[in-house]
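In structure tokens, the next block holds one chain alone, the form predicted on its own.
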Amino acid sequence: MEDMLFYDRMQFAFTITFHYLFPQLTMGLSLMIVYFKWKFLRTKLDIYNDAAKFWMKIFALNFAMGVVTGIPMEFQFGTNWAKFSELTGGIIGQTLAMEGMFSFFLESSFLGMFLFGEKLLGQKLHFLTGFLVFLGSWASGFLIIATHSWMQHPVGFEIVENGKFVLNNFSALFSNPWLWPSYIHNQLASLITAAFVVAAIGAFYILNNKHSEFGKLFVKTGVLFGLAASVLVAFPTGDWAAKNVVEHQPVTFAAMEGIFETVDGGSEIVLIGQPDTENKKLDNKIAVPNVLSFLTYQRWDAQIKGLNEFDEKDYPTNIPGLYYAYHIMVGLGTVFIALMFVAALQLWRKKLYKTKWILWALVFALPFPYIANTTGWYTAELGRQPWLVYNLMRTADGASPTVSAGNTLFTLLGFVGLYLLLGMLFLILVGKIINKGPETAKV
């Protein structure tokens, strides 16, 4: 049973990790495309229109990959997690169906119009199609996170005699206190990914003296969007989301921060350390006294509960994984703020395009927002374990009892091979688009 559960979790973790590489770019990029098209309508400068169409090609490729890699996850609800789907389908089916029926169709339909309908529609309607693509992508994220938020903090339901969860308050799904902090934080994080990708490609063009005018536009736009998003993802949205965890999942918060013992007075914030779960301590830690208490409760002497206050059966299943994922996310977020601030300062001083070390830093920083987004999701998911529905359904109770560990491992290996090929094809196609650069032919 333990092997079966392990491989069920590994398969879903792998497929969703690979899948989310694509939506995290499309959601943020859709907003930047709308910005480019809006600037074109205001200024009538063709460079903005060409930029919008260039990035929509990359958006479309990411969107297609997101669809292809997202479909297998839907099937896993019925194969690996049939018991979970049977008991909670009356609730999570609502938001997942809405995501497919409304958001996905809205996004995909108007994406085609934006790509191929500029001449027919005219510029204002063309802008509208781009805006509707943005609206569809952000609505899709909202409905997925509404599902996730219900699993983290279940609301608006009752459990009937056969053990099934039944929704008795539809509006509660969208007024869930877990939803809005998670959603805004996630969307800003996706905007960071898009901003770094746009800035990195722009810096690449400048350094190679290729499509230099577009390079300057991309760097400027990426840095400005990236600085704003990096600051906002830390405060207030990151702070808001963390306080939600303190209130609703205090044992998770203790594990995230590496607090094994409750201490009198204020709690320190750990910058570096390695959790030793056997001896219940942090090794080699570097910490700042009382800061965590102040950030959490705005009081230097506020007490924060340690893991010793809770039953061990309710501890997060993988405390080291949770701790490291959280600290990688926070550490990278701090680096993003610093890099974008320095780049914005040089932009203001009109020296950015000639400051090669910053341009190279932007190029090499491209993968790190993907890592930060991934570890952010790992923090949320590892933090909820050992529950599928927090405090109501354990992960072991939601797995399919008839799917063997061998079958799951076999299909997991198949996914790894297939996704490796898809990933290589994706990189080749994106590389061709970037190498060709934006088209400047007027419509």
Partner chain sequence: MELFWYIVLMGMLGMYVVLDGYDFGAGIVHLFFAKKEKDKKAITSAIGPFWDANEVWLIASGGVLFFAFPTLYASSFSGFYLPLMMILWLLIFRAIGLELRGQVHNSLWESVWDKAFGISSLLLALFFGVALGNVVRGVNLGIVENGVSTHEAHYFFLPLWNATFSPTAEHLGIIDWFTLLLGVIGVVTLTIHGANWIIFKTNADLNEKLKKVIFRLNFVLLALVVVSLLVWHVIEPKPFHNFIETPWLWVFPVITFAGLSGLFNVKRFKKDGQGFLFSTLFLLGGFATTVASIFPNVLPSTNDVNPSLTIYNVAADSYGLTVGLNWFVIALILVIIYFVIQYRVFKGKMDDIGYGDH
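Residue numbers count along the first chain shown, from 1. Model, not experiment: these values are computed from the prediction.
The same protein also exists as the form predicted in complex with the partner chain; that form is not shown, yet it is the one meant from here on.
Taking the partner from elsewhere, every residue among 74, 401 and 411 has a non-hydrogen atom within 4.5 angstroms of the partner chain in the predicted complex.
Proximity to the partner chain in the predicted complex, defined as a heavy atom within 4.5 Å, singles out one entry of 102, 300, 341, 360, which is 102. Of the residues given (45, 64, 396, 392), 64 alone sits with a heavy atom within 4.5 Å of the partner chain in the predicted complex.
For residue 415, a non-hydrogen atom is located within 4.5 Å of the partner chain in the predicted complex, even though that partner is not displayed. Under a 4.5 angstroms non-hydrogen atom cutoff, the partner chain in the predicted complex has residue 80 among its neighbouring residues.
Heavy atoms of residue 367 never reach within 4.5 Å of the partner chain in the predicted complex, leaving it off the interface. With a 4.5 Å cutoff on heavy atoms, residue 167 counts as touching the partner chain in the predicted complex. Proximity to the partner chain in the predicted complex, taken as heavy atoms within 4.5 Å, picks out 64-72 from the listed stretches 45-53, 32-40, 64-72, 379-387. Scanning 73-111 for heavy atoms within 4.5 Å of the partner chain in the predicted complex gives 74, 75, 76, 77, 78, 79, 80, 82, 83, 85, 86, 89, 90, 92, 93, 94, 96, 97, 98, 100, 101, 102, 104, 105, 106, 108, 109, 110, 111 in sequence order.
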